[in-house]
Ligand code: GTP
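Below you will find one chain, with nothing else, as structure tokens; this is the form predicted on its own, and questions on how it binds or moves follow later.
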């Protein structure tokens, strides 16, 4: 049946996914691809020709042929019926937000093979939402998790192991074991932030990574690309970065959470004085956009602003000592 394989399916077919079997890929080229993070047909199939050409040191024409053949082997890139797509979507998992209201708002929780963006002002609960998901994903499926590891790209030095431990204890997890399954990298600039995604690919081949968090997505880009003259370059870089995150979610059937800052500008849709950074690039690439705002402490309000399949709505949640709750 056509469709993108899940990580478990990839693991079953590891022996068949020999890069040397692709036309134009000999031992030397295959080794270059593996060094660049392309280890199976799926990863080659979703690569761009220029990226693959640079990694393998081949021409773009040859890279295109390699990608086309990899798509055939991975059974993606062709037409499929709506019924087949519906069947494939049954493999998608959800991470509980530990709030029934937010789970209902998001159609069951934070979805795999998708980017969920949480944006809002400081203190609105963005990082708390990310930390809660990083804990919950480690739970078994029947308890709202995916029994997976987490990659946490920290751009603002907001990850706090103490807070994470408190959330883990509240869910009955051993804090030390839970912390060992969170792989945190501090990104010091936008270039470093982008380079950490290929590193996440390498890690996910050895660990069952089911969640990748970028907290926050636009902080470095906002600080480094100043003025209208740098806007086009910033947006191109953001676009490429987010598509790499999407590729990660597809290859490993993982959920992506991005937190985002806001700017003081009118939001014509909701009459709110703030709007998310990143413009249409972030808006079009994020699968789900959730606006968080403060209410009477400890309450917060989450508004689903954009979704391909869910209605707009709001949910009230609380940030407690144990984590996110109704």
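Numbering follows the first chain given and starts at 1. These figures come from a predicted structure and were not determined experimentally.
Heads up, the form predicted in complex with this ligand isn't pictured, but that's what we're talking about next.
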Report task. Give a yes/no on whether residue 156 approaches this ligand to within 4.5 Å in the predicted bound form, heavy atoms considered. Result -> yes
Query raised in the report: So, in the predicted bound form, is residue 205 in contact with this ligand at a 4.5 angstroms heavy atom limit?
Result: no
Report task. Answer yes if any heavy atom of residue 29 is within 4.5 Å of a heavy atom of this ligand in the predicted bound form; otherwise answer no. Result -> no
Query raised in the report: Looking at the partner-bound form in the predicted bound form, is residue 222 within 4.5 Å of this ligand by any heavy atom?
Result: no
Query raised in the report: Among 136 to 144, 121 to 129, 108 to 116, 225 to 233, which stretch has residues with heavy atoms no more than 4.5 Å from this ligand in the predicted bound form?
Result: 121 to 129
Query raised in the report: Heavy atom within 4.5 Å of this ligand in the predicted bound form: which of 91, 163, 199, 75?
Result: 163
**Report entry** Sequence-ordered residues of 311 to 326 touching this ligand in the predicted bound form, heavy atom within 4.5 Å
**Finding:** 319, 320, 321
